[in-house]
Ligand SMILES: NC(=O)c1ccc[n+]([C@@H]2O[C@H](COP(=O)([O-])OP(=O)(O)OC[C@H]3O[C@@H](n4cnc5c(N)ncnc54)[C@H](OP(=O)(O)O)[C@@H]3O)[C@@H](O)[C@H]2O)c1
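Here we start with a single chain on its own, the form predicted on its own, put down as C-alpha coordinates.
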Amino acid sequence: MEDIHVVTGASSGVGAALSQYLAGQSLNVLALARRLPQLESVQSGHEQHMQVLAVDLGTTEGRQAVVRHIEGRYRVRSLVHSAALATRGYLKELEYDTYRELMSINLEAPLFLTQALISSIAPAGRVLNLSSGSAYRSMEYHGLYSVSKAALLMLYQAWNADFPTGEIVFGSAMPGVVVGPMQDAARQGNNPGADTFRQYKADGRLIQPIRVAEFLGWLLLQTDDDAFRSQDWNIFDKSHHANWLDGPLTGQY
(Lines give C-alpha, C1' and ligand atoms only; values in the text may rest on other atoms or scores of the structure.)
Protein backbone atom coordinates (compact mmCIF):
# COMPACT_ATOMS: atom_id res chain seq x y z
CA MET A 1 0.00 0.00 0.00
CA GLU A 2 1.44 3.34 -1.06
CA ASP A 3 1.84 6.41 1.15
CA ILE A 4 -0.03 9.55 0.17
CA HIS A 5 -0.05 13.17 1.35
CA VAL A 6 -3.49 14.82 1.42
CA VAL A 7 -3.87 18.60 1.07
CA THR A 8 -7.17 20.47 1.33
CA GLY A 9 -7.83 23.88 -0.20
CA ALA A 10 -5.50 22.86 -3.00
CA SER A 11 -7.01 24.88 -5.85
CA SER A 12 -5.13 28.08 -4.95
CA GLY A 13 -2.78 29.77 -2.51
CA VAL A 14 -0.92 27.75 0.10
CA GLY A 15 -2.81 24.53 -0.63
CA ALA A 16 -1.89 24.66 -4.32
CA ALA A 17 1.75 25.55 -3.62
CA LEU A 18 2.14 22.80 -1.01
CA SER A 19 0.59 20.20 -3.30
CA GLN A 20 3.05 21.12 -6.04
CA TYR A 21 5.96 21.24 -3.61
CA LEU A 22 5.29 17.74 -2.27
CA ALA A 23 4.72 16.33 -5.75
CA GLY A 24 8.01 17.96 -6.75
CA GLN A 25 9.67 15.87 -4.03
CA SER A 26 8.32 12.75 -5.84
CA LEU A 27 5.76 12.18 -3.10
CA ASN A 28 2.24 11.01 -3.89
CA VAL A 29 -0.29 13.79 -3.31
CA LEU A 30 -4.07 13.93 -3.23
CA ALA A 31 -5.13 17.54 -3.79
CA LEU A 32 -8.65 18.41 -2.61
CA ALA A 33 -10.85 21.42 -3.33
CA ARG A 34 -14.29 22.24 -4.68
CA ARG A 35 -13.21 23.61 -8.07
CA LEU A 36 -12.05 20.95 -10.54
CA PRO A 37 -10.71 23.26 -13.30
CA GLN A 38 -8.45 25.03 -10.81
CA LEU A 39 -7.31 21.70 -9.36
CA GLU A 40 -6.43 20.44 -12.82
CA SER A 41 -4.39 23.59 -13.41
CA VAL A 42 -2.47 22.94 -10.17
CA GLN A 43 -1.93 19.33 -11.23
CA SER A 44 -0.53 20.28 -14.66
CA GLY A 45 3.07 19.14 -14.90
CA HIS A 46 2.75 17.00 -11.76
CA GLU A 47 0.43 14.29 -13.05
CA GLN A 48 2.84 11.47 -12.15
CA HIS A 49 2.67 12.26 -8.43
CA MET A 50 -0.53 14.29 -7.96
CA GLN A 51 -4.14 13.18 -8.01
CA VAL A 52 -7.00 15.66 -7.70
CA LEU A 53 -10.48 15.20 -6.30
CA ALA A 54 -13.18 17.88 -6.42
CA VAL A 55 -15.24 17.65 -3.22
CA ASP A 56 -17.04 19.92 -0.76
CA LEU A 57 -15.35 19.08 2.54
CA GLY A 58 -18.00 21.01 4.42
CA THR A 59 -20.39 18.13 3.79
CA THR A 60 -20.50 14.55 5.01
CA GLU A 61 -20.84 13.40 1.39
CA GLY A 62 -17.68 15.24 0.37
CA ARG A 63 -15.66 13.78 3.21
CA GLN A 64 -16.93 10.28 2.50
CA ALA A 65 -15.84 10.67 -1.13
CA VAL A 66 -12.29 11.25 0.13
CA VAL A 67 -12.51 8.17 2.34
CA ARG A 68 -13.68 6.03 -0.59
CA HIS A 69 -10.79 7.29 -2.71
CA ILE A 70 -8.20 6.43 -0.06
CA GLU A 71 -9.48 3.52 2.00
CA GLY A 72 -7.77 0.22 1.20
CA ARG A 73 -5.52 1.84 -1.42
CA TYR A 74 -3.26 4.30 0.42
CA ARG A 75 -1.72 5.06 3.80
CA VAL A 76 -2.09 8.73 4.65
CA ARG A 77 1.40 9.92 5.59
CA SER A 78 0.23 13.50 6.12
CA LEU A 79 -3.04 15.40 6.06
CA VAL A 80 -2.85 19.20 5.77
CA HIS A 81 -5.94 21.29 6.43
CA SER A 82 -5.36 24.37 4.29
CA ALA A 83 -8.94 25.08 3.18
CA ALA A 84 -10.51 28.11 4.85
CA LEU A 85 -13.12 30.80 4.32
CA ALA A 86 -12.78 34.39 5.58
CA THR A 87 -16.25 35.88 5.86
CA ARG A 88 -16.20 39.48 7.09
CA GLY A 89 -18.88 41.31 9.06
CA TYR A 90 -20.00 42.31 12.52
CA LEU A 91 -21.13 39.54 14.85
CA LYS A 92 -24.25 41.54 15.73
CA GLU A 93 -25.30 41.25 12.07
CA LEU A 94 -24.17 37.65 11.54
CA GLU A 95 -26.67 35.40 9.80
CA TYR A 96 -26.85 31.75 10.73
CA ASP A 97 -26.30 30.51 7.17
CA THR A 98 -23.10 32.55 6.94
CA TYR A 99 -21.92 31.10 10.25
CA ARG A 100 -22.71 27.55 9.13
CA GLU A 101 -20.89 27.93 5.81
CA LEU A 102 -17.70 29.26 7.38
CA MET A 103 -17.59 26.85 10.29
CA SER A 104 -18.30 23.86 8.03
CA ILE A 105 -15.03 24.54 6.20
CA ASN A 106 -12.84 26.14 8.87
CA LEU A 107 -13.61 23.78 11.75
CA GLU A 108 -15.94 20.91 10.91
CA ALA A 109 -14.02 19.79 7.82
CA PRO A 110 -10.67 19.48 9.66
CA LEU A 111 -12.34 17.70 12.58
CA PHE A 112 -14.51 15.26 10.71
CA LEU A 113 -12.22 14.58 7.74
CA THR A 114 -9.46 13.65 10.18
CA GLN A 115 -11.90 11.47 12.10
CA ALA A 116 -13.07 9.76 8.91
CA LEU A 117 -9.49 8.99 7.83
CA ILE A 118 -8.19 7.74 11.20
CA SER A 119 -8.02 4.12 10.09
CA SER A 120 -6.14 5.09 6.91
CA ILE A 121 -3.48 7.26 8.56
CA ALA A 122 -0.04 5.63 8.68
CA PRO A 123 1.63 4.91 12.04
CA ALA A 124 3.01 8.23 13.31
CA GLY A 125 1.32 9.94 10.37
CA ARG A 126 0.97 13.69 10.67
CA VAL A 127 -2.02 16.01 10.61
CA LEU A 128 -1.29 19.73 10.22
CA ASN A 129 -3.78 22.54 10.82
CA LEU A 130 -3.07 25.98 9.38
CA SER A 131 -3.43 28.55 12.11
CA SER A 132 -3.46 32.35 12.00
CA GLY A 133 -2.59 35.35 14.10
CA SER A 134 -6.35 35.79 14.19
CA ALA A 135 -6.51 32.79 16.53
CA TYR A 136 -4.87 35.01 19.18
CA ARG A 137 -6.39 38.41 18.48
CA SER A 138 -9.41 39.57 16.53
CA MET A 139 -9.83 42.59 14.31
CA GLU A 140 -12.99 44.64 13.99
CA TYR A 141 -15.27 43.13 11.34
CA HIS A 142 -13.30 39.84 11.27
CA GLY A 143 -14.65 38.20 14.42
CA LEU A 144 -16.12 34.99 13.02
CA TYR A 145 -12.88 34.09 11.22
CA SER A 146 -10.98 34.63 14.47
CA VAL A 147 -13.41 32.41 16.37
CA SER A 148 -12.95 29.62 13.84
CA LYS A 149 -9.15 29.86 13.91
CA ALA A 150 -9.05 29.90 17.71
CA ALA A 151 -11.15 26.74 17.74
CA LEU A 152 -8.89 25.13 15.12
CA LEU A 153 -5.85 25.91 17.27
CA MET A 154 -7.43 24.16 20.23
CA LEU A 155 -8.43 21.26 17.97
CA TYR A 156 -4.83 20.28 17.28
CA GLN A 157 -4.11 20.29 21.02
CA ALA A 158 -7.22 18.21 21.70
CA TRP A 159 -6.23 15.64 19.09
CA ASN A 160 -2.76 15.31 20.62
CA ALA A 161 -4.38 14.81 24.02
CA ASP A 162 -6.43 11.97 22.51
CA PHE A 163 -3.29 10.35 21.03
CA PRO A 164 -0.74 10.79 23.86
CA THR A 165 1.52 7.98 22.65
CA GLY A 166 1.87 9.44 19.15
CA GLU A 167 0.07 6.90 16.98
CA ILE A 168 -0.89 10.01 15.02
CA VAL A 169 0.92 13.33 15.53
CA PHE A 170 -0.91 16.64 15.22
CA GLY A 171 0.65 20.01 14.48
CA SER A 172 -0.26 23.63 13.82
CA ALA A 173 1.45 26.34 11.78
CA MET A 174 0.86 30.03 11.05
CA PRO A 175 1.67 30.81 7.40
CA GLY A 176 1.58 34.58 7.81
CA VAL A 177 0.05 37.08 5.37
CA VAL A 178 0.11 35.21 2.09
CA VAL A 179 -0.33 36.36 -1.50
CA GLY A 180 -3.60 34.90 -2.77
CA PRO A 181 -7.39 35.22 -3.05
CA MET A 182 -7.99 35.70 0.69
CA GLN A 183 -5.66 38.70 0.87
CA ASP A 184 -7.01 40.06 -2.42
CA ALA A 185 -10.51 40.08 -0.94
CA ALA A 186 -9.36 41.56 2.37
CA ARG A 187 -7.97 44.66 0.60
CA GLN A 188 -11.21 45.47 -1.21
CA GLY A 189 -13.66 48.22 -0.29
CA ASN A 190 -13.80 50.48 2.75
CA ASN A 191 -14.65 47.90 5.38
CA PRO A 192 -12.79 48.03 8.71
CA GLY A 193 -9.38 46.43 8.32
CA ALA A 194 -9.11 46.92 4.55
CA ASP A 195 -6.56 49.72 4.96
CA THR A 196 -4.46 47.49 7.20
CA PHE A 197 -4.33 44.76 4.56
CA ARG A 198 -3.57 47.29 1.82
CA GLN A 199 -0.68 48.56 3.93
CA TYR A 200 0.67 45.01 4.35
CA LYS A 201 0.98 44.81 0.57
CA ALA A 202 2.41 48.31 0.22
CA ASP A 203 5.05 47.51 2.83
CA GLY A 204 6.08 44.31 1.04
CA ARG A 205 5.03 42.11 3.96
CA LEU A 206 3.12 39.52 1.95
CA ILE A 207 4.63 36.06 1.64
CA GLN A 208 4.60 34.11 -1.60
CA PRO A 209 2.79 30.72 -1.32
CA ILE A 210 5.91 28.81 -2.35
CA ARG A 211 7.73 30.13 0.71
CA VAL A 212 4.92 28.85 2.92
CA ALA A 213 5.06 25.51 1.11
CA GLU A 214 8.78 25.23 1.86
CA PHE A 215 8.10 26.01 5.52
CA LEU A 216 5.29 23.47 5.80
CA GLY A 217 7.30 20.91 3.86
CA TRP A 218 10.11 21.23 6.39
CA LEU A 219 7.67 20.79 9.27
CA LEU A 220 6.02 17.76 7.69
CA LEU A 221 9.10 15.96 6.44
CA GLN A 222 12.09 16.97 8.53
CA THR A 223 11.08 17.69 12.13
CA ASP A 224 10.80 15.00 14.79
CA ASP A 225 7.47 14.18 16.40
CA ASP A 226 8.08 16.11 19.60
CA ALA A 227 9.02 19.25 17.70
CA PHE A 228 6.16 18.92 15.23
CA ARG A 229 3.48 18.93 17.93
CA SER A 230 5.26 21.23 20.39
CA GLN A 231 3.84 24.60 19.31
CA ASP A 232 1.85 26.64 16.84
CA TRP A 233 4.77 27.20 14.48
CA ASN A 234 5.07 30.80 13.27
CA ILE A 235 6.65 31.37 9.86
CA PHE A 236 8.04 34.72 11.09
CA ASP A 237 9.99 33.07 13.94
CA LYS A 238 13.58 33.40 12.75
CA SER A 239 14.83 30.65 15.07
CA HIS A 240 13.93 27.97 12.50
CA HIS A 241 14.68 29.86 9.27
CA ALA A 242 18.14 28.35 8.90
CA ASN A 243 16.51 24.92 8.61
CA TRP A 244 14.52 25.68 5.47
CA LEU A 245 14.65 29.29 4.26
CA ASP A 246 16.96 30.11 1.35
CA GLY A 247 16.51 33.77 0.41
CA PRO A 248 14.10 36.45 1.59
CA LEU A 249 10.90 35.49 3.36
CA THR A 250 8.73 38.25 1.87
CA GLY A 251 8.51 40.12 -1.39
CA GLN A 252 9.24 38.98 -4.93
CA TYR A 253 12.14 36.68 -5.82
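A quick note: this is a predicted structure, and the numbers were derived from the prediction, not measured. Residues carry their position along the shown sequence, with the first being 1.
Here the subject shifts to the form predicted together with the ligand, a form of this protein not shown in this document.
- Query: Going by a heavy atom distance of 4.5 Å, is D56 a contact of the ligand in the predicted complex?
  - Reply: Yes.
- Item | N160, heavy atom within 4.5 angstroms of the ligand in the predicted complex | It does not: once the ligand is placed as it appears in the predicted complex, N160 has no heavy atom within 4.5 Å of it.
- Could you tell me if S172 has a non-hydrogen atom within 4.5 Å of the ligand in the predicted complex? Close contact is absent here: in the predicted complex, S172 is far from the ligand, nothing within 4.5 Å, heavy atoms only.
- Message: Is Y145 near the ligand? Define near as a heavy atom within 4.5 Å, in the predicted complex.
- Response: Residue-level check for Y145: yes, a contact with the ligand.
- Query: Among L111, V177, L153, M103, which has at least one heavy atom within 4.5 Å of the ligand in the predicted complex?
  - Reply: In short, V177.
- Message: So the ligand isn't shown here. In the predicted complex, which residue out of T87, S131, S120, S138 has a non-hydrogen atom within 4.5 Å of it?
- Response: Of the listed residues, the single hit is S131.
- Heavy atoms within 4.5 Å of the ligand in the predicted complex: which stretch among 78-86, 162-170, 91-99, 120-128? In the other structure, the partner sits against 78-86.
- Query: What are the residues of 3-25, in order along the chain, with a heavy atom within 4.5 Å of the ligand in the predicted complex?
  - Reply: Contacting residues: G9, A10, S11, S12, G13, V14, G15.
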